[in-house]
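This document opens with one chain alone, in structure tokens, the form predicted alone.
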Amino acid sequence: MLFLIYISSGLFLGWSLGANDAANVFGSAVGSKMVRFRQAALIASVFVILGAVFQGKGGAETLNALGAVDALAGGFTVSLTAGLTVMLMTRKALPVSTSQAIVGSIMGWVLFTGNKPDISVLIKIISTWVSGPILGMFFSGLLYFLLRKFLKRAKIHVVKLDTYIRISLILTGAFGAYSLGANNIGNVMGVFMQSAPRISIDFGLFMLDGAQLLLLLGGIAIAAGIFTYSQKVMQTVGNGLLSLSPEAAIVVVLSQALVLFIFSSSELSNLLIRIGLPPIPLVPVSSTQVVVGAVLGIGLAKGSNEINFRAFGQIAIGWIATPLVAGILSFFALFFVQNVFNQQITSKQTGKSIIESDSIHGNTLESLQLDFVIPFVILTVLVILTALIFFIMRQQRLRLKAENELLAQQNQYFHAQRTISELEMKAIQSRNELLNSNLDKKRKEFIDMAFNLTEQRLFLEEIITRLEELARSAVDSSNNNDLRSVIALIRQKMSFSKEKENFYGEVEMIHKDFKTKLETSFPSLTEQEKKLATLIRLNLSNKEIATLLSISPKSVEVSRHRLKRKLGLQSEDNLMQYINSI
């Protein structure tokens, strides 16, 4: 039970690795909705565990050889500080590598305990921080070039191509998950390899020793991180860093899987030894670094103009900061674990820390603090506080600059919107003035037409009156009949039916909305009353209205009074003013 408590920090680190680095494997597939999250999580979990158990021992032993953390309390502290570093830098949105965090924590343990690190192992690990991204860049550039060339020649139908891409994403994701488990399990359980139980369990088809059982627990922790917390990270990475074409996404995942597999394959390393070549170092490689290198390789294959070198520089700064922060956290955490909680962080007597060696010579803890610990702690705290203050001030300056730029943009947007609104208002006013001008012009034309019809009617009525007088005074009956026929023709012409039809057609076209409102608000109005209201709206006189309606002016007065009542007006209300307000 105590053993499980001590390795809980490693399990926490494994959970963090699964929650973050699984996105590098299935981020594109899930982000593009080509593969469902549960399907991706299941495949990734199974193959991560398989890779961790059957191929993760070499990398874990190499990492353990770096500092040979030989006590459970020391392994617990080292793994915990690495996990805290990953969490801290992730919350600050800084690029982070689990491999670099655990190496930094181990070096903090080495410094505190006074043990000597294996320099050759350290050189191997640091060399992979450079060679890993370079290999990822090489593989991705080559594979992307070959894949594009193949697709151009194959001319696959778009439906079949979509199916092939989906299958390829699943297969490369499975291979990537296997390689991730085989390589990065060393980050999770490497510091506990010295304390692995000396047991062996037979499962029938295969046997697992104590170290592989430890790797199995780490693989299960990674799988738990994939299932519980990687969905949002997958969707973010799928639409962010790996927001590439489906073909490029396959190339990135495959390149990462190949690099991780190469640095975790003992069979491949032994093969190179047998043919007389230098062996490949079996060390944990940062999957994030390899992915960045692979994306950079595709950018170079497309053209250097597509590469954001500023973002790449920020990532490089994060890679440098990660082991330093982890080492400092590990050093101070080990001090508290040993001196406050009285836990043994190393089992080697020759590897006693500076604190313990001074105690052996009879010095008290107070004198040691005066001689070494207090000045060192004060100096380190001052350095950290200075760096923290500088970082906070820089972040505040950047935030204020961003806020000022945002306010300036909003101000420009506001002024632009106000200018547009003013222009729109002027345009509306000009259009309304033009419409009013056209309306006044049309109204004048209608009044003139009505006036002309009235004048013609009066003129014809006067002619009829004179002809009737002549007919009455005519002696010859034939002349009388002729005059009566002329009078009848004139009366027929006085109807002005064609002119009225044209007049009403133009009036209704101009006042179409007015007629619609009348019909909606006062459905009981007759057609004659609607015509009367329209003519009143034109400001025609009773005489002109009488001509157009073929009634007498007195009848117009009666009709106006009747219309007033139907509109709900009182006798003192102004009919024309009300009609113009409709």
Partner chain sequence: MFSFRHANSSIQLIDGFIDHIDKGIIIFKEGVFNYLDGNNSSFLDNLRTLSSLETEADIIRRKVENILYTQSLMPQLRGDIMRLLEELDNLIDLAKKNLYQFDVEIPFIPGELHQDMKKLTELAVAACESVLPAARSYFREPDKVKEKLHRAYLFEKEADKLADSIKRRVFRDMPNLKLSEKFHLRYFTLHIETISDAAEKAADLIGIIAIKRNI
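Residue numbers count along the first chain shown, from 1. Just so we're clear, the structure is a prediction, and the values are computed from it rather than from any experiment.
Although it is not shown, the form predicted together with its partner chain is what the next lines describe.
Candidate site formed by Phe139, Leu146 and Gly297: none of these residues places a non-hydrogen atom within 4.5 angstroms of its partner chain in the predicted complex. For the options Leu525, Val46, Met34, Ile551, the residue carrying a heavy atom within 4.5 angstroms of its partner chain in the predicted complex is Met34. This chain is displayed alone, yet in the predicted complex one of Val121, Ile262, Leu483, Ile170 has a heavy atom within 4.5 Å of its partner chain; that residue is Ile170.
Interface residue remark: Ser430 is not counted as part of the site for its partner chain in the predicted complex, having no heavy atom within 4.5 Å. Using a 4.5 Å cutoff between non-hydrogen atoms, His157 counts as a contact of its partner chain in the predicted complex. In the predicted complex, its partner chain sits beyond 4.5 Å of every heavy atom of Ala73. The closest non-hydrogen atom of Ser200 lies beyond 4.5 Å of its partner chain in the predicted complex.
Only one listed stretch (399-407, 148-156, 192-200, 322-330) carries heavy atoms within 4.5 Å of its partner chain in the predicted complex, and that stretch is 148-156. Looking at 160-181, the residues that come within 4.5 Å of its partner chain in the predicted complex, counting any heavy atom, are Lys160, Leu161, Asp162, Thr163, Tyr164, Arg166, Ile167, Ile170.
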